[in-house]
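To begin, one chain is listed below as C-alpha cells, in the form predicted on its own.
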Amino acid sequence: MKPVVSILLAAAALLSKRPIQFADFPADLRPYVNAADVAAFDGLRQSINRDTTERERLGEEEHLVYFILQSGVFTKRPRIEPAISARQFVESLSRENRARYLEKGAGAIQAAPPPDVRARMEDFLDALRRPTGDQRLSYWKFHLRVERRSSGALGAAYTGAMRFLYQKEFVAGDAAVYQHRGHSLDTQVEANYAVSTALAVIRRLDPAPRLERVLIVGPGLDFAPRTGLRDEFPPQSYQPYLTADSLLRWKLADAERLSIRCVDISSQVVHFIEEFPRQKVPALQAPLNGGDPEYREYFEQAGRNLGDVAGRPWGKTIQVRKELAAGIRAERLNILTDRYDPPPGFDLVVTTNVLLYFRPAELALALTNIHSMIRPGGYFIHNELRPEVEKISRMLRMPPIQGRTLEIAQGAQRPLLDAFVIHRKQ
C-alpha cells in the first residue's frame, strides 16, 4: 500500500489549469469587467496577462534597487535605507518636477540618483563581473539582462522605485498606489500572524473543520525587501510552512493528510518551494521583528509542529520535517486569468498582500477564480480590508463571516498593523 504522502503528491500532480472563459464569469459581475461577449472577454484576459508580465518586470526592478541600496555582499559602502533615499530624492526635485514626477512617473523628468546611490550602483556592476557565492547576487549575475547592466538603466530603475516608495511612505491615504505599481514578491514572517489568528477563529466557529487540502495564492519570497534586508539569511518563503504549522497547531488537519498547493506568477517563488524539500535539512530562518505581546506569543509557538526549533539572538531557526515539506508543492498560475479545472474543491484558500494590487475588474476575476476552486463550506482567508472585496464575494455567495485588525508592533511613528477576513463559500 502506498504511503498517504505519496498518494497526495500524485493527486496534486494531476491538477490541470486553464484560462478563465466568458461562460465562467457570473452575469452579475460583468459590469466590473466591461466585457459583454466572448471576444471582449478574451481581449480583456489577454490584456491582463500582458499587464501582469510588465508589472512582474517592474516589481523585479524594485527588488533590484532595494538590493543595491541595502546589501553588504558586494560593497563596503554604508547601507542606504530605501524610504529615506526616496524622500531625499523626491524632495531634492524642484516643485514643478516633483509634481510632474509624482503624477506621471519617472519618464516625465530627467534626474540622476544621488551620488551615494550611484556609487553603490557602480560597485554592483563591478561585482557582476566577479565570482560570488551569495544567492541573491548570483541571481542578478545570471538573470539580469545585458541591456539593464548599465548606470543609465539602473538609474531609471531607481527613479521608478523611489516614486512608489515615496507615495507609500509619505503621501497619506494613497492606498490605491499599489494598484499601479509592479508586482512585489516580498514576504515576511509577520504576515502569517493574521492567518494563524484567523485559523484559530475558524476552530472556534466550526465544531469539526477539516482543512487538509489548501491553496496558497502568492506565497512570496523574502528576497530583497524594501527595508531590513539581511544578507546573512538566504531567500526563503514562510507562508506555506507556517500555514501548515498553524493548521496542525489548531488541530484543523492531520500531518499525514495535509496537502498544500501554492501558486504564484514568480518563477523564483516556485523554484524555492519546489527545491525546499530537496535540501539536506530543510530549514527557515525566522527573525523576530514584532513587539506586541500577542504577536510575540504567536512567534514563540511558531514552527513547533513542523520540526525542531532552535532559538537565536535574532529569532529562531525552524527545521521542517521532510515529509511535511514534500506535501507542499508550487507552480506558476496567474489567479486573475487562470484556474484549476476540474475544480479541486480546496478546503481552504489563503492569500495575503495580494488583493491590494488588483483594480476592481482584476479583483472580480481573482475572486471568481478563487471561488471556483473552493468546495462548498470551504474557507477563504485574506487581509484586504476593501469594500469591493466584500461586495464581490457576497455576489459570489462567499460572504465574509469574521474579520479583525491586529497590532504586530508599536512602530517608531505609527503601529505596524495587519488584518484578516474570513469568508465561507455557501
Ligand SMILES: C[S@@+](CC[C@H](N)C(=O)[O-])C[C@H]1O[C@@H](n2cnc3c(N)ncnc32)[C@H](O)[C@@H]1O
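Quick caveat, the model's predicted, so the values are computed rather than measured. Just count from 1 along the sequence shown to find any residue number.
Omitted from view is the form predicted in complex with this ligand, to which the following refers.
Think of it this way: in the predicted bound form, this ligand has a heavy atom of just one of N353, N305, T197, S259 within 4.5 Å, and the residue is N353. Think of it this way: in the predicted bound form, this ligand has a heavy atom of just one of Q188, S85, Q236, T159 within 4.5 Å, and the residue is Q188. With the partner left out here, this ligand still marks one of 332 to 340, 200 to 208, 150 to 158, 133 to 141 in the predicted bound form; by a 4.5 Å heavy atom cut-off that stretch is 332 to 340. In the predicted bound form, S266 approaches this ligand with a heavy atom inside 4.5 Å. Taking the partner from the other structure, this ligand in the predicted bound form has a heavy atom within 4.5 Å of a heavy atom of H183. Although the partner is absent here, G327 lies well away from this ligand in the predicted bound form, with no heavy atom inside 4.5 Å. Although the partner is absent here, F67 lies well away from this ligand in the predicted bound form, with no heavy atom inside 4.5 Å.
In sequence order, Y357, F358 are the residues of 357 to 373 having a heavy atom within 4.5 Å of this ligand in the predicted bound form; the partner itself is omitted from this view.
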